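The form predicted alone is given below as one chain in structure tokens.
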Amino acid sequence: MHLTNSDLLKTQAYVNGTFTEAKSGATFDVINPYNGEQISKVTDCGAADTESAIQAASAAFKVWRNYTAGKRARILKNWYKLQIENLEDLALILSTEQGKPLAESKGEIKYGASFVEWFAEEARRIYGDTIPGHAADKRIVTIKQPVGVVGAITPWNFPSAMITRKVAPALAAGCTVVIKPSELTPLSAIALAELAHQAGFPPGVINVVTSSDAKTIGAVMTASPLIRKISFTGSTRVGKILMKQCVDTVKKVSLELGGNAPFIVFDDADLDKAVAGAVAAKYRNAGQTCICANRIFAQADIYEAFVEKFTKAVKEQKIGSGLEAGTVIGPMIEEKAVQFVEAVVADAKEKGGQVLTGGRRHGDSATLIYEPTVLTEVNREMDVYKKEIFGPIAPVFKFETEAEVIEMANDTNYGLASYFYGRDYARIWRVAEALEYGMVGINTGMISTTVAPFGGIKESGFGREGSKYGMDDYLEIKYMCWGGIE
């Protein structure tokens, strides 16, 4: 991997302002999912290393919380500028370890950096209130204070943006952080730590604990009384485990978990725009995002036309290495991810589903690239209806009425993202309000932005990231009652 700034390709954990090896000396391999080659060996931290990082963050909190909002903002702005200046290198690292197309990686770096810029500005707007007193001699004031040390546990599918989306508001609020990135994509996290080091954060404010043993690190974080908040993005199964583990120390918790996003196309939709939106919502990052369209619903009158146009667009996507120009579909992250989508497609075929395109690995049996797939003749009994697919598989269901599709769309324990296309404004309001999801895309397949609150309901979690609401989970409200004022 040829980088302009070779300092970004580090392989050690970052604790208390220093890049360091694990106390055990252990390492683990980071693999390029496109070709299976080893990229590097990375420090494999354990429980003792995590405790050291938590202690460093706790000590640094006493300093960082007392910085003025303006001073914190200036350092965050430095971090933002360094990310933009090193965009090409950061994207190359990301694509190499994660597999997504380079164009998507560049977009992720910009998106991730935008949270740092946004929350640098929000640091100055942590306002309290004065409240009319309940007695003549009383005055009431509220202030907001940082919650404390934050444990951030992040996934592999957006290894840069999922860090900045959590860490930037925490730092802006005056918290310090211990980050546990995915063992599949640790290099992006370490590169961000290097830039944070250059940006001027005091030692211990940002710590990155790389490890192949997520279970142990998570257990240490959730058990530690010094960590006052856990922010996790990942599967609903793991989120529930972490939530249970936080009970004994009564931590604040925010969870961004799985999804089963419906994508609805009504009979008055602009079909060409709906097709483009469906392709964008379904196949970015090879379908490996929590807000990817999972179940596509097309109304009966336009079903055949939509399927024809959609399948044609899917067939036109370039497949290959994420580092090759024009690639749209790169490899999935690991073998078990491919095996899961293979099982999902096999289940659909066994129950009468038809494969219009794709439905297999691209090339030899060892590849992690799964061809973008369209399924029809699908029904509620299939795994493609019930499970989060997390791969480039698009089942297209037929529906008759608005009431029917709303019932089907909401027929899931998940409630993260949803999408629909149509032109009837009365129906747009009805459907948007009826969908049981934290986010609704109306005539668009792209909903992620720094300025809007990202998050779900039901078993997709709680808490919001981004927007002015993104600061809330990192702050505590303190009420002061002043008496004796006469």
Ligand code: ADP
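Don't overthink the numbering: it's just position in the shown sequence, from 1. The structure displayed is predicted, hence computed values, not measured ones.
As for the form predicted together with the named molecule, it is not shown, yet the points below apply to it.
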> Within 4.5 Å of the named molecule in the predicted complex, heavy atoms considered, which of A274, L255, V341, I153?
Replying inline: I153
>> Can you work out which of I319, A313, V238, M408 has a heavy atom no more than 4.5 Å from the named molecule in the predicted complex?
In response: V238
>> Looking at heavy atoms inside 4.5 Å, which stretch does the named molecule contact in the predicted complex, given the options 238-246, 72-80, 111-119, 141-149?
In response: 238-246
>> Although the partner isn't part of this model, could you tell me whether K180 comes within 4.5 Å of the named molecule in the predicted complex, counting any heavy atom of the residue?
In response: yes
> Does A223 reach the named molecule in the predicted complex if we count a contact as any heavy atom within 4.5 Å?
Replying inline: no
> Within a 4.5 Å heavy atom cut-off, is K215 in contact with the named molecule in the predicted complex?
Replying inline: yes
> Can any non-hydrogen atom of N86 be found within 4.5 angstroms of the named molecule in the predicted complex?
Replying inline: no
